[in-house]
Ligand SMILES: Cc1cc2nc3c(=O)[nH]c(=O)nc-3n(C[C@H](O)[C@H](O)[C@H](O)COP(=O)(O)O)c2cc1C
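The chain below stands alone, shown as structure tokens; this is the form predicted on its own.
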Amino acid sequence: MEGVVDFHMRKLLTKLGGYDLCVTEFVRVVDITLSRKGFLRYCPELLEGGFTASGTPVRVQLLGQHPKVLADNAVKAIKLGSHGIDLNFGCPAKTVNKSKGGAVLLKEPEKIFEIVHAVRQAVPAEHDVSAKIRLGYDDDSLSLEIADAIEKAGASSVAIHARTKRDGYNPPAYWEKIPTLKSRLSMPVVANGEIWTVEDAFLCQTRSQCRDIMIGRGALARPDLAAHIKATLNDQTHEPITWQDIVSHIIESSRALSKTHTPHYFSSRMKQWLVFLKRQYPQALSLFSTIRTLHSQEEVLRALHAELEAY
């Protein structure tokens, strides 16, 4: 979830509860080992032992195509405090795929094997090395080969976004295709894709035959979704997060963002988040209309304060 599920979003989501593990936005690796400062930009939690303020472990996710360079960066991330390493083979973005990163590698199971194997060999055995994949690139004809390559390379687990790169994010997610892959693997399998509600989560578990699920865009649309799922599993009541709480968080996080990012980043990130929030909160649609043409952080903040005062 590049550009949205950053340090501040992870802080909010884990404060609301329900998450066992967070994965960072992907860290793009080309031909060098990132500096400590570079890793901290993506994962400030490394300064706190790799945990969010609420105590949820965070795992650095790497994206790239060169096994040795990825392995070197994985070792650096682990030394800095990352709780394992996640490898991204699922990103469908054209700019990423053009540079041979993300989902385009699903065309080359042997390359995926080389990457996972290099990272697994470099990272101490006590640390997990996980992979995030889709069912395939243009189709799912290589899905079994991809899954086998990841397991044979020594991965600790795999998260499967139950769509191909060609599918993008168009519904549905084909959870029912995961059991065939899962039956071939001894490592844990995590199901992902199109989980927007508690009902979706349980349906995903049933159709994928996976106990564990990964939530992406659904967490942006409903920040307390994981907490609601956990509460339902434990037969507990759940008090939904209010629209006022969300707006208050945005205002609070803006102070920290202003220290590390440009003012334009704040307004762009805010608009991107509202696109997801409007699925759950009708107020988000009107707020998006208000700030759609605004660019400066000051203007957006004035609109947010006005929104909060309205309630």
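Residue indices: 1-based, along the sequence shown. These numbers come from a predicted model, not from an experiment.
Note that the form predicted together with the ligand isn't included here; everything after this is about it.
Whether residue 272 contacts the ligand in the predicted complex should be assessed with a 4.5 Å heavy atom distance threshold; does it?
It does: once the ligand is placed as it appears in the predicted complex, residue 272 has a heavy atom within 4.5 Å of it.
Just checking whether residue 281 would be counted as a contact of the ligand in the predicted complex - the rule being heavy atoms within 4.5 angstroms.
Looking in the predicted complex, residue contacts with the ligand do not include residue 281, since no heavy atom lies within 4.5 Å.
Given that the ligand is not shown alongside this chain, does residue 102 nevertheless sit within 4.5 Å of it in the predicted complex, heavy atom to heavy atom?
Judged by the heavy-atom cut-off of 4.5 Å, residue 102 is well away from the ligand in the predicted complex.
Quick one: is residue 216 in contact with the ligand in the predicted complex, heavy atoms, 4.5 Å cut-off?
Residue 216: yes, in contact with the ligand in the predicted complex.
Proximity to the ligand in the predicted complex, single hit among 192, 208, 82, 73 (heavy atom within 4.5 Å)
Of the candidates 192, 208, 82, 73, 192 is the one lying within 4.5 Å of the ligand in the predicted complex.
Sort through 39, 243, 266, 276 and report the residue having a heavy atom within 4.5 Å of the ligand in the predicted complex.
Checking each option against the ligand in the predicted complex, the one that comes within 4.5 Å is 276.
Looking at 299 to 307, 7 to 15, 286 to 294, 21 to 29, which stretch has residues with any non-hydrogen atom within 4.5 Å of the ligand in the predicted complex?
The contacting stretch here is 21 to 29.
Which residues in 74 to 90 have a heavy atom within 4.5 Å of the ligand in the predicted complex?
The stretch touches the partner through 88 alone.
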